[in-house]
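What follows is one chain in structure tokens, specifically the form predicted alone.
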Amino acid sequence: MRAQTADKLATAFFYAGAGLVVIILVGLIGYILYHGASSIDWSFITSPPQNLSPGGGVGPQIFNSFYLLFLTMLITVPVGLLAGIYLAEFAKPGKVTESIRLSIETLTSLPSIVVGLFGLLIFVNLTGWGYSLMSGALALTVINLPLMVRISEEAIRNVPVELREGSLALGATRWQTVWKVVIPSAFLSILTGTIITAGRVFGEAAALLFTAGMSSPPLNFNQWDILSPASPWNPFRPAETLAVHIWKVNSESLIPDVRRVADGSAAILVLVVLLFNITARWLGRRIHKKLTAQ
């Protein structure tokens, strides 16, 4: 086979692979929105679900999903970033570093249902918190932390060495170089990792069944006592997220409009993830321009 022909065939395969990914994504999103868009209205978005009668919504589940995302990322991002900086900038080859990498690889391969059972034993029973947002956030941190560490490490490693050398040559300390040169240069890649982990928080259900619970107490948005069971800001109350609600409705719900609620919930979940990704990328580019003066 001639070299030019082989090159054209290889290029065609590359385009075909990329196009297949786009077709699958568009087909999946289109199917979900086609069936669920008609169920979405203001009442469906803001009202609580019903146990037996039709006409329920998913308002508390949407709020719980965002609040759980906030709690999880509040723990995952700083810890993952610090570990990634250590592995990329300060870790020396040896048994300690190898044991850290082995731990990360092992945590990456753990099934979420196993993490959920671990969370049930440690975060729910041993701490005495019961089914709660905090238990769910810690379980999701166990799932997302290895990915956050890996992405942060790779992003920091890909920063050109010349930038570090230039900063050190100007008299900056190693810490100043990491904080003011390396992290701003790697910000977009770190942001991508953050968005990926955030997407997993929105979509995770198996681990939350055993940690955050499958129900939510009635919420009073005028209650600002964070320790009150009715306060939406209480991190130690049970909380059913949107992904768990979809599973629960499809598996054991007795309401007559199961299909409407399930399709509408799936469509809202997809729209929330898309909106979050687009907003996070737009905001990240603005912050990156500000940090790097580009």
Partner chain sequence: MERTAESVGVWRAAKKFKRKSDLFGRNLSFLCALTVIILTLSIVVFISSKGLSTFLVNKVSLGEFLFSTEWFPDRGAAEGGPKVGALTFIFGSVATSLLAVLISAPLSLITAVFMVEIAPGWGQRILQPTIELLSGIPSVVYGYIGLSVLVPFIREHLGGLGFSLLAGVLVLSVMVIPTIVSVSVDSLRSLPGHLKEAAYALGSTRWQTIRLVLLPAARTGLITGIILGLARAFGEALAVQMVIGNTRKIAHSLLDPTITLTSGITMDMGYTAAGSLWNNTLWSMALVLLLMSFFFILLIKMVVKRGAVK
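Just so it is clear, the model here is predicted, and its values are computed rather than measured. Positions refer to the first chain, counted from 1.
The following text describes the form predicted in complex with the partner chain, which does not appear among the structures shown.
A206 is the sole member of L163, L147, A206, L188 with a non-hydrogen atom within 4.5 Å of the partner chain in the model of the complex. If you check the partner chain in the model of the complex, you find no heavy atom from any of A37, V182 and F221 within 4.5 Å. Proximity of I32 to the partner chain in the model of the complex: non-hydrogen atoms within 4.5 Å are present. Within 4.5 Å of any heavy atom of the partner chain in the model of the complex lies no heavy atom of R157. Interface residue remark: S228 is not counted as part of the site for the partner chain in the model of the complex, having no heavy atom within 4.5 Å. Taking the partner from the other structure, the partner chain in the model of the complex has no heavy atom within 4.5 Å of any heavy atom of G94. Segments offered: 228-236, 246-254, 63-71, 42-50. Contacting the partner chain in the model of the complex at heavy atom distances within 4.5 Å is 246-254. If you take 165-202 and check each residue for a heavy atom within 4.5 Å of the partner chain in the model of the complex, you get G171, T173, R174, W175, Q176, R200, in sequence order. Note: the CA-CA distance for G284 and T76 expands in the model of the complex relative to this form, by 3 angstroms or more. The pair T279 and E154 is at least 3 angstroms closer at the CA level in the model of the complex than in the present model.
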